[in-house]
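Single chain ahead, written as structure tokens, the form predicted alone.
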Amino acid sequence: MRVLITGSSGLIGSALIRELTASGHQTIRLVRPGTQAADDAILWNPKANLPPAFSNQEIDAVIHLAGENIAAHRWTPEHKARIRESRVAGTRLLCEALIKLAHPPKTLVSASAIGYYGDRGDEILREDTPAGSGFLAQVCREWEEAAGLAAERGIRTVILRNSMVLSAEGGALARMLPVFRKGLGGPIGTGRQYMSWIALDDVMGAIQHCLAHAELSGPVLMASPNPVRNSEFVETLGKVLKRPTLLRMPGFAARLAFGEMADELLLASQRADPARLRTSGYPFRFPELRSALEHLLTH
């Protein structure tokens, strides 16, 4: 299979290229000008509204992961605009180009996020659960609607609602590790908010599962079947690292440090049930948090 990937330099994208190549697929990177890439990479510039410079080569599937890092900076109006623009306008530009191809790909796998649901307390969230409120929920709704353009034109479209991806090489866990290794970690706010998570290994497996299962389309929750409360996540991470986790960060302190982002990323509660992965037979490699963290941090 020939697979085009955007966001190929990110945590998920770079791992996915290795996985797909090892599985015998041919990967092609969709990159921006100035990015170091192989000769067969395809250029695009979503910031300048320049669509991909497709040649006549046929593409079987597209995995669209590109987007501004939501946790890189405080959410100033400018940064929020970049977050929305990179996802919504970029996805629309890509889909418009795909549907114009003489031979469009059969499948588009497009990223979204669990932020779609907003802060939902103890409610169990599945793919058919309505969207919530807040900045991220609005961005995710618009993001998914942009990908819907491909579905309207007959391209099987899978929307990955990603939860927190666990990897020691990047993402939220990698940012936590220096603090927790010093014994300075602890719960955030009340610690009762649910954290939905998925090991990077399962992201790789689940994406390939979505590519292989033609019956899957629409939203697919990318999360372990066992979400945990923030306090349990912190305690488990401390046990794996053999470090204390007693220094709680009150909610007001999180808001002072991170602004609006604290309420939507750190204090929001999202209890996901990946119903469509379960019912389609995906075998989770790391369904339990303790085994996932031990694999990532002790191997």
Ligand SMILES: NC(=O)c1ccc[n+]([C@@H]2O[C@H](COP(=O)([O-])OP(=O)(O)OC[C@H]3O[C@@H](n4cnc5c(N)ncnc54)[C@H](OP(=O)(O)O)[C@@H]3O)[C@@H](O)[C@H]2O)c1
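We number the residues from 1 along the sequence you see. Since we're looking at a predicted model, the values are computed, not measured.
Missing here is the form predicted in complex with the named molecule; even so, the following discussion is about that form.
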| query | finding |
| --- | --- |
| Any non-hydrogen atom of residue 20 within 4.5 angstroms of the named molecule in the model of the complex | no |
| Exercise: residue 11 in contact with the named molecule in the model of the complex, heavy atom 4.5 Å | yes |
| Any non-hydrogen atom of residue 66 within 4.5 angstroms of the named molecule in the model of the complex | yes |
| Touches the named molecule in the model of the complex: residue 32 (any heavy atom, 4.5 Å) | yes |
| Region of this chain that lies against the named molecule in the model of the complex, out of 144-152, 208-216, 183-191, 105-113 [heavy atom, 4.5 Å] | 105-113 |
| Site test, 46, 86 and 165 vs the named molecule in the model of the complex, non-hydrogen atom cutoff 4.5 Å | yes |
| In the model of the complex, the residue from 249, 267, 70, 240 that sits within 4.5 Å of the named molecule by heavy atoms | 70 |
